[in-house]
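Single chain ahead, written as structure tokens, the form predicted on its own.
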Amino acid sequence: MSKQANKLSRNDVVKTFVRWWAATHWNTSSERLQALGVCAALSPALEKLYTDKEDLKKALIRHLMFFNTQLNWGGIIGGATLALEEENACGEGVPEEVIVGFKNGLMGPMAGIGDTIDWLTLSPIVTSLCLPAAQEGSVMACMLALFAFSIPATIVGYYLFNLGYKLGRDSVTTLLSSGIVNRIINGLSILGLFMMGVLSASLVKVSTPLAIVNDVATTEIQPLLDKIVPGLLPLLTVLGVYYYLEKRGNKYMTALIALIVIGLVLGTLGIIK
């Protein structure tokens, strides 16, 4: 029998998102990672949906199982899970295995998408934009980097949570089939390449004190290089690091140590400065 009186209101959905956004990463445990935070986020809505204590107990237990995903893009899982619980509470026959399987099956893919967009693309770009001002001693640049990342990330999380609640099990399929994820990744990747070029030219400082000495005059090499290709040595340094990482994989620490050693050796010999 349908229990329409237990259906969630718009306010309930918003409150659940706020709790999801605030609590999911606060209660991480080594055994079940985000499970406690997810259960805390869903619990007020579950209490409204399940008036029977045994049904509520089962719902809380299934959301205390292992869970780990990216907070913002994984919000679509939280919203869709909330919709599935509402269907189940209203007597629409959603098996417990479907709810648990839906969460477990999508937490990995959405974590991969979210980490790629938020932490590997958007965050470095925002940080790069604010880095020059921060190096000049601007405290506001540091705060701007924080808000410029967190505000759009929160808006995306809110949209995806509501999309998940609205479309339920079809939400992730709809999101991926629309192609919006690929367009976002491609757009941010292009912007990231522009930022990499700008930062390479402004932050990578490599020059040479070498000079050509003859009986007539002493010609410094660095001014000649600047006339041919300004910033040639920083460009070669960046390309060398990129070539190494492309051939050897993501061995960033090895590349960093190699840069330090090469810089010390060439600096000591007076080849670069």
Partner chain sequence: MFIKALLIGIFYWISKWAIGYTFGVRWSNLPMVMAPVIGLIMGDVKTAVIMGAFIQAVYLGLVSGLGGVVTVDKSLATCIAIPIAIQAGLAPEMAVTLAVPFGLLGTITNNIYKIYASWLTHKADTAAEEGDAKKIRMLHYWGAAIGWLPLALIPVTIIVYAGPDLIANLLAAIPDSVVNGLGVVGGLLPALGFAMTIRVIGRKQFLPFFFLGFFVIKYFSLSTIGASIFGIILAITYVQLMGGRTDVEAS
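Just so it is clear, the model here is predicted, and its values are computed rather than measured. Residue numbers count along the first chain shown, from 1. C-alpha atoms forming the largest set that superposes within 1.5 Å between two forms make up the rigid core.
The protein also exists as the form predicted together with the partner chain; that form is not presented, and the subsequent description refers to it.
- For the chain shown alone, E220 is not a contact residue for the partner chain in the predicted bound form, no non-hydrogen atom being within 4.5 angstroms.
- Contact check for G197: a heavy atom falls within 4.5 Å of the partner chain in the predicted bound form.
- When contacts are judged by a 4.5 Å heavy atom cut-off, P124 counts as touching the partner chain in the predicted bound form.
- By the criterion of a heavy atom within 4.5 Å, L245 is counted among the residues contacting the partner chain in the predicted bound form.
- Heavy atoms within 4.5 Å of the partner chain in the predicted bound form map, among the stretches 95-103, 79-87, 199-207, 159-167, onto 199-207 alone.
- Applying a 4.5 Å heavy atom cutoff to the partner chain in the predicted bound form picks out M253, A255, L256, L259, I260, G263, L264, G267, T268 from 253-268, in order along the sequence.
- After superposition on the rigid core, the Cα atom of T237 is displaced by 2 Å or more between the shown form and the other one.
- In this overlay on the rigid core, A133 has a C-alpha that sits less than 2 Å away from its partner position between the shown form and the other one.
- Once the rigid core is used as the reference frame, the Cα position of L199 differs between the shown form and the other one by 2 Å or more.
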